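Listed next as structure tokens is one chain, alone, in the form predicted alone.
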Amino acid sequence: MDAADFVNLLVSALLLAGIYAAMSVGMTIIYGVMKIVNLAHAGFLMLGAYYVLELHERLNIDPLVGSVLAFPVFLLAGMLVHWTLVKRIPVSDQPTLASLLLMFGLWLVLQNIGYLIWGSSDRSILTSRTLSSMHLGPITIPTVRVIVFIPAVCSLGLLEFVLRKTWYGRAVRALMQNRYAGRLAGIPVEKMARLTFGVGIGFAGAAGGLLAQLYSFSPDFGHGFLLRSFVIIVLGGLESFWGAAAGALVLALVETFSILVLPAGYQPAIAFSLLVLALVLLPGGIAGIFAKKHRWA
């Protein structure tokens, strides 16, 4: 492999990492505030893909615009799901069997709704960007990956701004550290949980729309990306947003460069292997490593 091939793979990994980070941050924020492992994340990724497809085919709306429009729609859908289902789960500092079963059941319901409405055939979103490429000397970059990368990274930057500079963000960070202390400080925990669940589902829907521009999809679309999201948040440290970005970068690098030694079909196995290694060797994730170094300094 020459230098040009190496740089091409590196750029592809970086672009993929931005999309993976936006895809997984919804799970991170829901787990951080509510301690719920959102297995239904895959179902909302799938619905986000079909939502953008319908806007593109029926209303001729650009898929990028459709992905942006997906966020408020899925935010409201997530708040509705919380109001009707999730709030009935007993509050706990650790994931419970009830929450896992509820989210798994919701995933199956969403998947079967997808089969009922759109059937089982694969669909794709094709635009003028799909097959075009950008050339920077020896580096060749698919245009659609760059175009999708930009809103993914911008959404992460906006989330970071909200978490650091707004009352909502400070409340979220407080609840992630200690739910009961947050309640004593006057934070409306139930309202914050509902809004946070909506934000997490909003990110899932928007990420599904972005991913649909890169991959073909069916009602089973979110299955593989759910596993990747688990790997990313475990690598990052479960409750760390910048850790999720670091985990996304690690996974993207490993998946991209693994094609040098393994066939492309082995990528899910690579993701699962990383998940096992992270659980065994890095139970606190990348964020945990830096936290320990900070305490020792």
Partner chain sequence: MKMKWLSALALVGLLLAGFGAPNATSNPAAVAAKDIPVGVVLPLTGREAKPGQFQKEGIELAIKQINEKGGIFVRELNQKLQLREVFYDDGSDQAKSAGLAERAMSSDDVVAVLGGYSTALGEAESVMPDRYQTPWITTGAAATSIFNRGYQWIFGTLSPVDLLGYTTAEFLGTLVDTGKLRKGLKVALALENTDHGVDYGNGIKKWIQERGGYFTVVFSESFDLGSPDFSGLLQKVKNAHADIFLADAHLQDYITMHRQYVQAGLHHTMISYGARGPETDARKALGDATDYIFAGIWWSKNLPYPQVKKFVDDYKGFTGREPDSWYAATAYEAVRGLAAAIEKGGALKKATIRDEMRKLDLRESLLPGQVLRFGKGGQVDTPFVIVQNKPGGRVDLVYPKDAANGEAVVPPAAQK
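Quick caveat, the model's predicted, so the values are computed rather than measured. Numbering follows the first chain given and starts at 1.
Keep in mind that the form predicted in complex with its partner chain is missing from the display, and what follows is about it.
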Distance check, Thr166 to its partner chain in the model of the complex, heavy atom within 4.5 Å: no
Contact of Pro90 with its partner chain in the model of the complex (heavy atom, 4.5 Å): yes
Arg145, heavy atom within 4.5 angstroms of its partner chain in the model of the complex: yes
Glu190 within 4.5 Å of its partner chain in the model of the complex, heavy atoms: no
Among 64 to 72, 254 to 262, 46 to 54, 31 to 39, the region lying within 4.5 Å of its partner chain in the model of the complex by heavy atom distance: 254 to 262
Candidate from Ile150, Leu158, Leu108, Ile117 lying within 4.5 Å of its partner chain in the model of the complex - any heavy atom: Leu108
Option touching its partner chain, based on a heavy atom within 4.5 Å in the model of the complex, out of Leu227, Val162, Leu76, Ala98: Ala98
Residues of stretch 33 to 52 in contact with its partner chain in the model of the complex (4.5 Å, non-hydrogen atom): none
